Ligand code: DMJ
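There is one chain below, alone, in structure tokens, taken in the form predicted on its own.
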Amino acid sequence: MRRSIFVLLFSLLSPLLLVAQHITPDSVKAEFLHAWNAYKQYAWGHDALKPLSKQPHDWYATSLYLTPVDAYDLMLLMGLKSEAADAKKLILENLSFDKDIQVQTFEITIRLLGGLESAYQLDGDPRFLALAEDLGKRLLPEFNSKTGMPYRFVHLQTGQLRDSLNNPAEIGTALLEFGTLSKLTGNSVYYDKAKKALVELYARRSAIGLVGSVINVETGEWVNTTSHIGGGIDSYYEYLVKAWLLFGDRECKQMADDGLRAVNRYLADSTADGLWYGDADMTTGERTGTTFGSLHAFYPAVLCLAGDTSRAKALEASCYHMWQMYGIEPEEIDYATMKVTAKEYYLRPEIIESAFYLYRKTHNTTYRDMGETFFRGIVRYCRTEAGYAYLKDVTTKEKADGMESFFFAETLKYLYLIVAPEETLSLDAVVLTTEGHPIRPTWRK
């Protein structure tokens, strides 16, 4: 009877104990294992877990093993040898890209191509590189447009293309993964194709240096001229900076300098509540919107990498204010009114990523403290019996039935790295992709 009472009391108190715990490498590792074991139990061999219904989820008609590939490098960094061995066996024995499906090139590139390359570099097994090369070959037709900018979808068997209307993020977020494939295989075609796409997009910036939201990759004409740094444009700027850092590509550095200068001039907007980045017309720079959200929160990290630490600090403070409004960040707010315009929290990592870079840059414990705030909020509001669920509404904390693979690849990784010893992953030795996969420039002499 005593044992039954103890078990009951512990089950009632355990959520409170979780909220009270501090962020440490071990506490983050424990949450990784909670989410990973739920995936193993309910969605093994599938792309992802639906944590509320405890059901598997695949993006397409067949699994591409997104969660195991995305999570693998973090297992290695955490020293989770048994879990890594299980994931490796699953991937190498089952993952095939000879599939009768059309895939979204951007998501498959950052999650799978980058994940396999990082797995190869950290693990050393050439079978990871063989899978990456096979995938790279199947994705290459995406660049077969008149401009060289990629289509959004490609068929993995036939190379058939779909969706010529694309955005800067999906066009410009390929050089790290495709360039690394060139460096690791000795085949320059991957670097050349992805670099050309970046250059062609940059060449179509406006006279004041901004890019729009949607462009036709066949005609090169802008379909939507709204400029911002949120989803659909965000990682275009990130990859210009990181391509310079990873490959020493001076042309990318020049494009990055030009792009960030225009963004900081025309999109930055200061209010009584802090520094924000809004929307503007790409041709005139005229302000067209005052929305800012979780995906915009990547930008302090990019500013840090570009050497603009003071601006990065100011913007991260605004992002933190957005998080504190409801104890967890909404997908989007109107910073002019500080009202929520999109209430979801998709377990996104960007604000944590920026705090990580600022901590590594400044060693100011303020950013570790931010990491603790993020960790506690996510554990308190998103933890479920089977992993973690995103929030449908941050104001009510209502959960929704989804746990994307980037929760492992990025959210938990940045929470772990912000408190782990720096030698766990030195930023002097690696560049992290937009999906958080560490790439080592092993080709440098």
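Residues carry their position along the shown sequence, with the first being 1. Being a predicted model, the structure only gives us computed values, none of them experimental.
Below, we refer to the form predicted in complex with this ligand, which is not included among the displayed structures.
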- Is there a heavy atom of Tyr326 no more than 4.5 Å from a heavy atom of this ligand in the predicted bound form? no
- Message: I'd like to know whether Glu344 contacts this ligand in the predicted bound form, with contact meaning heavy atoms within 4.5 angstroms.
- Response: no
- Please check if Phe406 has a heavy atom lying within 4.5 Å of any heavy atom of this ligand in the predicted bound form. yes
- Is Asp249 a contact residue for this ligand in the predicted bound form, using a 4.5 Å heavy atom cut-off? no
- Item | Segment assignment from 138-146, 261-269, 192-200, 102-110: heavy atom within 4.5 Å of this ligand in the predicted bound form | 102-110
- One residue of Ser227, Ser118, Ser235, Asn166 in contact with this ligand, assessed in the predicted bound form (non-hydrogen atom, 4.5 angstroms): Ser235
- Find the only residue in Arg348, Arg152, Lys313, Arg205 having a heavy atom within 4.5 Å of this ligand in the predicted bound form. Arg348
- Message: Just to make sure I understand: among 261-297, which residues lie within 4.5 Å of this ligand in the predicted bound form, judging by heavy atoms?
- Response: Leu295
